[in-house]
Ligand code: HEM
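Here's a solo chain for you in C-alpha cells, the form predicted on its own.
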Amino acid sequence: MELTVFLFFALLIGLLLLLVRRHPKAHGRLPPGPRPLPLLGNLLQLERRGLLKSFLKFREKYGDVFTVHLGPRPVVMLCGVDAIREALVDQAEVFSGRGKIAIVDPVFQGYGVVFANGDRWKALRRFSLTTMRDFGMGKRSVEERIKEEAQCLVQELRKYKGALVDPTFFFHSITANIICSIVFGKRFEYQDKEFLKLLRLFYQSFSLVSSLFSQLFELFSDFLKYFPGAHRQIRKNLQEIGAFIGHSVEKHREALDPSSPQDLIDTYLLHMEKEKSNPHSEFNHQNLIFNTLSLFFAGTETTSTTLRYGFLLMLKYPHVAERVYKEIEQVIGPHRPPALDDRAKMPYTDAVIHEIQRIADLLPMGLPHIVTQHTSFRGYTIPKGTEVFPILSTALNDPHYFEKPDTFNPDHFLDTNGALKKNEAFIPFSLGKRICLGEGIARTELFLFFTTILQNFSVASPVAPEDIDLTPQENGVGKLPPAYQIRFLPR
C-alpha cells in the first residue's frame, strides 16, 4: 500500500515537473491580474460555471487588459472593442499568430488555415480566399447555390405539414451542403447515409469542444490527456471526418481535369502538382485534409448554430418575426425567391439578423491568438509567443455601444430613420488578419436562409413566448443554444 502511494506521488511530481518545463516563465511586464499559484495558476479563482464568467469578473477589478494564468501559462485577455481593435487592427501583424485550442490541437497540429502560423498560414489563407472567390464567394454563383439549397429546405419542411421538429438537423444540413458544393463540387440529399454520418460527427465534436470539460482540458491538457474524456471522442470524430475527406480527395485525383477544376479540392490538387518540385511547399496532402476540415468547421457549425438561435428568438419574440414577414411581403412578395440584392432594401430584416448574431455571441472568447514578437501594448510588455484571448463577448455586449445589451432589440442596428446603421462593436467574425475568412458567405447564407424560411412559413412553439428559455446549453469555446422544437407552418 505504501509503495503504491509512493509511486502515485512520484508520478504526480514527474507530471508537474513536465508541466513546468513545457511552460517556461515569460519574461516581460505583463498586464496585471489575479495572483497565480505555482503550477495551478488561477485555477482556484475560476468560476465553476465557466471561464467566461471568471474573465468578466476579473475585468471588473483589473480593467480591459489583464493576465490570467491558465494552469502554468500566462494568457493576456483583451476586453472591449477598443482594446481588441487596438491589438488586432492597429498592431495586426504582431497579434496575427494563432494560439492552440488544447482539445483539438493533437488532431490539427498546426495544419489547416485556422490553426496554421507563419508562412503556412499565409499560403493557405491566400489560397482559400482566392479559391472561394473564384468559385463564387460573394458572386452570384454561390448565391445561386444558397438559393437552390434554401428551396430544397422549403420542400423538405413542407413534408412535415406543421408537425413539431427539432431544427438542428435541417440547419446543419443546409450549411454543410454549401461547403460541400464549394469543396467537393456537389450537394448531398438530406437522407444520404454518408452525409448523415458527417453531420453527426461535426455536431458532436462542436458540442464537446464547447463543453465544460473542454475548458478544464485547456487548463491541464498535459495531465488530462492521459485519462479518458471528451478529448478522445473529439480526436476519433475528427479522424473519421479526415478519412472521409481523404477518400474524396483520391476520387478527385482520379477524375481530375487540369483544364477545368470544378471545386476547391481540384484546385488544391493542381497547386500540389505545380509545386511538387518545391520541398518547402505548403501544398501537401496533410494541409489539404486539415484545410478542408477547417473550412467545414468554420462554415458549417457557426452559421447553423446562428440560425438555431435566430428561430428560437423568433419564437420568443413573435412580433419581430411578423414585422420581418411584412418587409418580405413589401420587398420580395410571396412567390419570387429572396435574392442578395434585396438585403439593401430590407433594413429591418438586416438589423434583426445582426441582432441575432450579437445575442448568439457564438464564440464568446474568440479564438486564441499569439504575439509573433515582443511587443509593447498599453504600457506593458508582452513577450513573443504569449497567448492572447480577444473576448468578443465584451464587445458584443458593451453598454456604451448597445443601449440594452442584455435585451434582444433590432433597434440597436437602426438609426432614427429606420435605416441600417454600422456599429463598431459588432465584431462576431473578429477583426484583423485573423478575421473569419468565411464572413461573406456566412452573411449571405444567414440572409437568404432566414428570409426564404419566413417567406414560406410562419413559426410556432408549444411553449409560450414568455416561458421560452434562452440559456445556452453549452458555453465554452462555442456557445450553443438550448434544444427546442418548432412548427414550420406553411403560409
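Model, not experiment: these values are computed from the prediction. The first residue of the shown sequence is 1; numbering continues from there.
The protein also exists as the form predicted in complex with the named molecule; that form is not presented, and the subsequent description refers to it.
Undergrad: Would you mind picking out the stretch of 202 to 210, 274 to 282, 329 to 337, 367 to 375 that comes within 4.5 angstroms of the named molecule in the predicted complex, counting non-hydrogen atoms?
TA: Only one stretch qualifies here: 367 to 375.
Undergrad: Would you please decide whether His69 lies within 4.5 angstroms of the named molecule in the predicted complex, comparing each non-hydrogen atom pair?
TA: Result no; His69 lies far from the named molecule in the predicted complex.
Undergrad: Is there a non-hydrogen atom of Gln215 within 4.5 angstroms of a non-hydrogen atom of the named molecule in the predicted complex?
TA: Looking in the predicted complex, residue contacts with the named molecule do not include Gln215, since no heavy atom lies within 4.5 Å.
Undergrad: How about Phe58: is it within 4.5 Å of the named molecule in the predicted complex, going by heavy atoms?
TA: No - in the predicted complex, heavy atoms of Phe58 and the named molecule never come within 4.5 Å of each other.
Undergrad: Decide whether Met132 counts as a contact residue for the named molecule in the predicted complex under a heavy atom distance cut-off of 4.5 Å.
TA: Flag for Met132 set to yes.
Undergrad: Tell me, which of Lys100, Arg158, Lys421, Arg125 has a heavy atom within 4.5 angstroms of the named molecule in the predicted complex?
TA: It is Arg125.
Undergrad: Just give me the single entry in Leu46, Leu52, Leu30, Leu446 that has a non-hydrogen atom within 4.5 angstroms of the named molecule in the predicted complex.
TA: Checked against the cut-off, the match is Leu446.
Undergrad: Ala321, Thr349 and Ile356: each with a heavy atom within 4.5 Å of the named molecule in the predicted complex?
TA: Per the other structure, none of Ala321, Thr349 and Ile356 touch the named molecule.
Undergrad: Going through 179 to 199, which residues have a heavy atom within 4.5 Å of the named molecule in the predicted complex? Please give them in sequence order.
TA: Read in sequence order, the lone residue that approaches the named molecule (within 4.5 Å, in the predicted complex) is Ile179.
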